[in-house]
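One chain is shown next in structure tokens, namely the form predicted on its own.
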Amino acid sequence: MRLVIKKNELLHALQDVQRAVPTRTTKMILYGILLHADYEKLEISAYDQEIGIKTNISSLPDQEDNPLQIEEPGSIVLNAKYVIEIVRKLPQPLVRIDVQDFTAIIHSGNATYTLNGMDPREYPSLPEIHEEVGFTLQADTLKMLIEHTVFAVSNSEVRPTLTGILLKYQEGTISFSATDSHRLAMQTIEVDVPTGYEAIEAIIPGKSLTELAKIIPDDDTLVNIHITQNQLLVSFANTYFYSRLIEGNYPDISRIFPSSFRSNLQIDGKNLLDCIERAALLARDNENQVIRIQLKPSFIEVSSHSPEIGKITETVEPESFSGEAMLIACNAKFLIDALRALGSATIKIDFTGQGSAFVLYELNNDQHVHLILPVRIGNI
């Protein structure tokens, strides 16, 4: 393999696919990134056998600003850590890579690096997705769906399905839902899908979607999402993102939402978030990061305490309040995550009782919903 490529194009591609390189593995070749060149393009990919990322850099000989010139096709696997550090520090905007057997010689300006590689035939192949079921979204919409829900996935492997986000398409809407059994985040959007399009339901690992959100652009680039029985493929521009799906049955979250409420309030989201963040300064020192919220018709009192440090108490005025006064205790981080996702608009919070779940959403918008289970007062 012999080629000349723009440094910035190569570095950007390497950094994107590096997200699929494992931090720990017994298979040394998985620490590598596969480079495969034909006369039309350079494919750069990484695959830890759960997440795979591939990006293509095309040779455009008819363009004056051609990013890639391929002189001889070929393949090699190079250690991700070292090839990225080498390319990042190269002195000139153009890079020449010459590969002989399993050795890559990297030139740029007066700098020359010789990097030992690995046999590309031993590198695992990315999944082949033939009979895909899918849809198209704008990149910024997909990123919003992920960021509004992924923080609520479980970190425990005891219930593997809860470590993923439930993607569900049904009757012209797509929803992302995540729960760790103590809280739930759900975002729903309407989509324009051809009549008769079949329903989709899949559990996507939260880790995969976190990495995907880092590489998709913050604009209206179209993203194609394809789903098979056990694999997800997301493609945009010249990049392809693969992830295994989680097998199993996701809990019926429709049964989680209360059917009636005893109190509700409307409050400025930013004011409440600022108040909760201040109270959380001491809540970090207790096991469940517990804060107390005293609901009263004229004000909301938020407090937290640490036996070793002290106590914080603050009041905030709601825009409106109706129903019973009550005392709620909850995990401050759960509430902060929900309020940050909801933003600074007016928030409505519905309460069912001291020990029952409460629900948060934007006023007049029930497509972005968060549910939090309180901590029992007797336990704190």
Partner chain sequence: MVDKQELFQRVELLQDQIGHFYQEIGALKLLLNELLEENQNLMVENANLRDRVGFGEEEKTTPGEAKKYLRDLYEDGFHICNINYGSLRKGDCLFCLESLQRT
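This is a predicted model, so every value here is computed, not measured. Positions refer to the first chain, counted from 1.
Another form, the form predicted together with its partner chain, is not on view; read the next lines as being about it.
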**Study point:** One residue of T188, T141, Q266, S181 in contact with its partner chain, assessed in the predicted complex (non-hydrogen atom, 4.5 angstroms)
**Key:** S181
Point to revise | Among the candidates P124, P251, P127, G172, the residue which, in the predicted complex, approaches its partner chain to within 4.5 Å (heavy atoms) | key: P251
Revision key, fill the gap. Within 4.5 Å of its partner chain in the predicted complex by heavy atoms, the stretch out of 92 to 100, 70 to 78, 156 to 164, 224 to 232 is 156 to 164
Check your understanding: Is the gap between Q63 and its partner chain in the predicted complex 4.5 Å or less for some heavy atom pair?
Key -> no
**Study point:** 4.5 Å heavy atom contact, A357 to its partner chain in the predicted complex
**Key:** yes
Check your understanding: Going by a heavy atom distance of 4.5 Å, is L10 a contact of its partner chain in the predicted complex?
Key -> no
Review point. Going by a heavy atom distance of 4.5 Å, is L373 a contact of its partner chain in the predicted complex?
Key: yes
Review point. Counting only heavy atoms, which residues in 202 to 240 are within 4.5 Å of its partner chain in the predicted complex?
Key: none
